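Below you'll find only one chain, the form predicted on its own, shown as structure tokens.
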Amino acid sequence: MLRRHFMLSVAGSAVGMLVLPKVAFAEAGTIDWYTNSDTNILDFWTNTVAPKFEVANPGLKLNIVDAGDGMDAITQRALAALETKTDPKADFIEQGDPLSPKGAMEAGLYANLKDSLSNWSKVNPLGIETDFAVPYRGSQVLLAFDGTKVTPEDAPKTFEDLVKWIKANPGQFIYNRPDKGGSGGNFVRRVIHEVNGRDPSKFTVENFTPEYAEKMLAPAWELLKDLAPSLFEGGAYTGGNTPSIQLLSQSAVTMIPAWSDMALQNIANGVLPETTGITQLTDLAFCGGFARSVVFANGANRDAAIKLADFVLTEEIQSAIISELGGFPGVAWDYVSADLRQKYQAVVPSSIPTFPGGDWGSAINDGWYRNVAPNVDRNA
């Protein structure tokens, strides 16, 4: 689930696009922590998780680094360090995929968290993909719309309704490029589900082959090409989750796919007006999922990073994920208070369709640029 478009330095120095973030040599007790999530997640860790963790664990601290588009380089560096038995200068990835790079998990790059965390039994089973990543927060893509132009009763309820609305309201819908943020990425995945019988079970990590992917994705590219002329500016796409929300806040568009937590948080802080509506499709919901953290098994502060992974599953932090982020917890809802379950029932998912990562992610991103938006500069 990538949630990022722009770069922001939190280590005190500017970071350029596609430049590996500046790092310091590992210090004992200092967890080198990386993310490429949006600023709301970065702020949450900086202002909430890190101070609480450091108070609860005297002698340990977090070195918080915004990796931006350099996350792949960090993981590749850690894999190279594993092979040379050197320090990867990284311990904890806030949102990582143990299936990437291919073969890294089997090579021992990632720590087995199921065997290491005392709170693992509390994890929501829907969020578990492997034993090597802990799902600590969740969210789900939904439709956010201008409530002064669309009533809740008239908002699309099915994917067919959404297609009809987009075509009947040209220029009033936009989504971001699928490799630049999960709201657009999961809009594309909902299209893929639609053209394949609304059956998420047809897509698994194990059943990927290039030939199968070509067969399953080709109809989605045709549908998305058909929609393109009805999008904002006759076929424009934003560069991330936040730019889409900004267009909605400026009334430049009427409807967007958005993450549930980002929509609720932006309504709460006034970026989006209180009249903003949110709705979920009823025939098959948009994909949601969990941000899964990984710990490098070869990190200099591996044991401290495992303590951090366990700490974020505590009731204190899981409650803050609900109340401060508008997200849903990584633990089962039974492990949060009844008051919070009631107060934030709007973000309690009744179902969470998912889509596998690994090779599927690359196939979707590459296929979208090649077939749907061949004139869009992928590096822009």
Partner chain sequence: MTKVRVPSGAGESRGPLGLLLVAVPVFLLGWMTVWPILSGLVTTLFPKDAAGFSLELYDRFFSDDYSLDNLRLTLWTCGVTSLILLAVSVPLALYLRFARGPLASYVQTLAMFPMFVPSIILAFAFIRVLGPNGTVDTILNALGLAKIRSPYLTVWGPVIGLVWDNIPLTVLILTSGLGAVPNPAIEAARDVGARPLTLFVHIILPRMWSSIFVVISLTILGLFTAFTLPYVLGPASPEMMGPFMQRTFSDLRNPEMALTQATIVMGFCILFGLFYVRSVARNRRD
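This one's a predicted model, so the numbers in the text were calculated from it and none came from an experiment. Positions refer to the first chain, counted from 1.
Beyond the structure shown, there is the form predicted together with the partner chain, which is absent from this document and is the topic of what follows.
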property: Candidate from 247, 309, 79, 128 lying within 4.5 Å of the partner chain in the predicted bound form - any heavy atom; result: 247
property: Contacting member of 232, 208, 159, 221, with respect to the partner chain in the predicted bound form [4.5 Å, heavy atom]; result: 232
property: Contact test, all of 173, 183 and 326, partner the partner chain in the predicted bound form, heavy atom 4.5 Å; result: no
property: Among 260-268, 221-229, 247-255, 106-114, the region lying within 4.5 Å of the partner chain in the predicted bound form by heavy atom distance; result: 247-255
property: Partner proximity in the predicted bound form: residue 289 to the partner chain, non-hydrogen atom cutoff 4.5 Å; result: no
property: Contact of residue 95 with the partner chain in the predicted bound form (heavy atom, 4.5 Å); result: no
property: Non-hydrogen atom contact residue 236 with the partner chain in the predicted bound form at 4.5 angstroms; result: yes
property: Interface membership of residue 358, the partner chain in the predicted bound form, 4.5 Å heavy atom rule; result: yes
property: Contacts with the partner chain in the predicted bound form - residues in 210-231 whose heavy atoms fall within 4.5 Å; result: none
